[in-house]
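Heads up, the chain below is alone and in the form predicted on its own; it's given as structure tokens.
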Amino acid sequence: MNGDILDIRGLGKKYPGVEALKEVSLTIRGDSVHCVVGENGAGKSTFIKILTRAEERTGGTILFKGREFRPRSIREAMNLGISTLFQELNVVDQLTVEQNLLLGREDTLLGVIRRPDRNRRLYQILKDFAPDIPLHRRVGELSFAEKQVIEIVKAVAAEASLLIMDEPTAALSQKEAGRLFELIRGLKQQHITVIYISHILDDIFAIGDYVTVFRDGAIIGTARVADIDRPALIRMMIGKTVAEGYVPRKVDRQEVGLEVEGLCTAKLREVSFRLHRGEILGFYGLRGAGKSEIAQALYGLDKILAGSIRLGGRPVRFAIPRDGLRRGVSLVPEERLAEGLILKLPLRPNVSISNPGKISRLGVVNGRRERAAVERYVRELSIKVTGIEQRAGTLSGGNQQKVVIAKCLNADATVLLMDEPSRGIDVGAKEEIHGLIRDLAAQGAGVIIFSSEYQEILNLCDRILLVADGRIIKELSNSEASAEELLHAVTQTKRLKP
């Protein structure tokens, strides 16, 4: 498509006491990938909800393909040509690929589903995008990336002209993300425009044609990706320059906090390492390499088949997470929403639940002591909340992550395991959390970072252990490490034979 596909003028959205969008004006060119970035709470989500009719605007105009765009429902917005690929995919794991593709598009006669010729186009689209995904395969057996392909095929088959992608690579490996980028380039060739929302700035420079920055409900600016660099983009997002890079630290190598020898589980093979007090140790590898499994084994979530763990020089074995918490080992899990927080409960019990003995006597909770402890963490970690009774589910991603960290600190952790600590949070929140990690290490805690983001590992960690196929394949000091070496090592390793 030549020219502009979407023309937005003076778009506004007001909630009681809050102006979420302020006179937003933006033009999206056809056959392009237009990236949208900004911190949590900047207005990106509200903007997308209005485009998909999940929310109704309170002001402004939208022209889609030259015509006034005012759908009455999400379904009508899709029928007009705007589809969305959300972080939480809209697939049914119990159904086959074919059944998922046809879901909501079934042609029936007297209640019996038919297979009309028009479905052949749907199958052809899948064959074009992913010939290796069979129609009869149950979707629950597919990877997250393959499920995304199913969603993209459904959007293309619905004749979408504009596809909105919300954090599409947040749960993908580097290889899977590369495949997604190829699919997106294919969409452009089919004259499908993409609005691409991501916190991962590398994605923007890999796939974007244009980038628009939101801050505080307003657009700060739009630029061609080819005309802007990473520091300038970050400065637009948070209003200041962020110094990215490792800050050299002195670590006492004499005092070992955690020692692991020959650790084996169903997925791990002879994992051995030492963590010194005050050290930030990084485990880097692609998704599925075994990083998370190491964290889970240390925390008592996976059964240990062989090997030993020593904490402060003494042998330990954690059958359940509570055993680890009592000995000062805490975990910030990869899936904070599903595993780290009770979203329907306030911030207060989410933090205090990790150490009930701190706030109770003979089973009776001392409310004053609990509130004082939680309010202290809110201050120290700069958690942005209306109060400690605010529900955890209503917080931004960065503040939710800080609540999980507060819960770990409340457990008096001396060894802190952090699995993908900055996944799905914006640049500003990431900088704050990285600062918290450095502060914790400076105070004597041993911190282990498990991450598939090489830049995070290089910026934070004193030593780096590379993981592939359930084993440690190499150890590097930060001064020896580079992005090229990390990526080369974890992608070139041959798979172990079972």
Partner chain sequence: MRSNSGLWQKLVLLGVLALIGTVLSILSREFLTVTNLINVTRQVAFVVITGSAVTLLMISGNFDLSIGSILGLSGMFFAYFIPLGLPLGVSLAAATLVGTAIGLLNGFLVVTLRIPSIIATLGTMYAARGLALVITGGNSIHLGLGTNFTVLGRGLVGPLPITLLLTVGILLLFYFFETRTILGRYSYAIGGNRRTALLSGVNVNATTTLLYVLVGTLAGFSGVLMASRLGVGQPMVGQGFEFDVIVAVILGGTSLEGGEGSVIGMLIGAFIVGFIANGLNLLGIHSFYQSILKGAVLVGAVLLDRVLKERLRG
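From a predicted model like this one, the values you see are computed outputs, not experimental measurements. Numbering follows the first chain given and starts at 1.
Just so you know, the form predicted in complex with the partner chain exists too; it's not on screen, but the next bit is about it.
In the predicted bound form, no heavy atom of Pro131 sits within 4.5 Å of the partner chain. Under a 4.5 angstroms non-hydrogen atom cutoff, the partner chain in the predicted bound form has Lys407 among its neighbouring residues.
Contact between Ser396 and the partner chain in the predicted bound form is not found at the 4.5 Å heavy atom cutoff. When contacts are judged by a 4.5 Å heavy atom cut-off, Ser272 does not count as touching the partner chain in the predicted bound form.
Here is the short version: of Ala218, Val251, Ile353, Leu135, the single residue with a heavy atom within 4.5 Å of the partner chain in the predicted bound form is Ile353. In summary, among the residues Ala372, Val247, Val364, Ala226, the only one with a non-hydrogen atom within 4.5 Å of the partner chain in the predicted bound form is Val364. The stretch in contact with the partner chain in the predicted bound form, judged by heavy atoms within 4.5 Å, is 319-327, chosen from 67-75, 149-157, 91-99, 319-327. For the stretch 340-361, the set of residues having any non-hydrogen atom within 4.5 angstroms of the partner chain in the predicted bound form comprises Gly340, Leu341, Ile342, Lys344, Leu345, Pro346, Arg348, Pro349, Ser352, Ile353, Ser354, Pro356, Ile359, Ser360, in sequence order.
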